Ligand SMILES: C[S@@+](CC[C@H](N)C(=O)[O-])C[C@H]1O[C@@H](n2cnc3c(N)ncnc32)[C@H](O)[C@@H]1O
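For reference, the chain that follows is the form predicted alone, supplied as structure tokens.
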């Protein structure tokens, strides 16, 4: 069977599945449990695809955008938006479909990974630049930025090796190849650090706690011994070589116009009613430490102002550190059920109530901007899960659904999918709980809000 025939068959199967799910949802009037891994077999989610160029916490399951891009095929050249694009899973799949791409993320590392995924390469030329970097880096002086607690996370020998690589990349790699080289350097940073490789947020390996590491504890401890002898350049060469092969090749696809990647989902620099399809998974309240998880890379890439992560975190929705003036808004969130729950949370933990309310207020702003940019009858796929706040169940999916409906969207479908990967199951606060399932809403933009 030809590639075009396979794609047509896949689209037809996805379209039928979606219509069946919508009909069932309308009949049963309750969320439907599905398994997206069964709905669509992922093509491109493995280690050989661009999705594997850099680790990133809480990556969206690639089957979800693949299913909806097949079931809701927008016209080639129309706009696909992901206002919380993370490491670019949705946008990369949209590029494969030939769509114009608009994304946003507050984390500079996420924007860099996304840009690398969406930058077609002349692979032969990229390998030539890699060979040159490998030839000259041992001879160059190290460029070592102000990395937070650098001596805690890296030996001096490894820091010097990373610094020489940084100098070589900055001096010898042309700008159009910098994204894939910088992403490969970032992945190298984490690989040669003292951080436990099993955890998204950096936690230093401690030999005295090996008994608590479980079945793979011995392997984690052996990692420390390997770091004493590890060749930083060889690690970088291996990662960069694989990433050059994983990234799209020049001429592999045609995406009309350059992808537009912004830093704030609440302020997208695109025209009103210009988006036909949006697929996104917003951050979770009290569930993930996205900026801290990126801290080592951000430091070595020179992206932490004054050697501090807080300025980046302050731009993030779902953050756990608030300014003193970010108090509880007496007018509430606009969702009565949420306001009642926030009052109960405030009695247990006033700070957690402030954090949760600020999250909902900022998500309302982001959904309002999303509503502004979407055309009439445009489709929004919203992927979000519940968790606990101060030990109480916090039904984020229901709250965001109500907000979206108040901003001009109508719910066509509500699916629930279990989360097998532990990438989303990281505690932020001891009362935050684990995210074990997520809701997937299909909403249609049906009316304009004055």
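All of these numbers come straight from a predicted model, not from anything done at the bench. Numbering follows the first chain given and starts at 1.
Keep in mind the form predicted in complex with this ligand is missing from the figure; the text below concerns it.
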*asked:* Only one of these stretches, 233 to 241, 76 to 84, 180 to 188, 133 to 141, has heavy atoms within 4.5 Å of this ligand in the model of the complex; which one is it?
replied: 76 to 84
*State yes or no: in the model of the complex, is some non-hydrogen atom of residue 265 no more than 4.5 angstroms from a non-hydrogen atom of this ligand?*
yes
*Could you confirm whether residue 107 comes within 4.5 Å of this ligand in the model of the complex, counting heavy atoms only?*
yes
*Are any of the heavy atoms in residue 282 no more than 4.5 Å from a heavy atom of this ligand in the model of the complex?*
yes
*Heavy atom to heavy atom, is residue 297 within 4.5 Å of this ligand in the model of the complex?*
no
*Name the single residue among 68, 36, 399, 56 that comes within 4.5 Å of this ligand in the model of the complex, judging by heavy atoms.*
56
*Scan 403, 415, 60, 390 and let me know which has any heavy atom within 4.5 Å of this ligand in the model of the complex.*
60
*in the model of the complex, does each residue in the set 89, 290 and 317 place a non-hydrogen atom within 4.5 angstroms of this ligand?*
yes
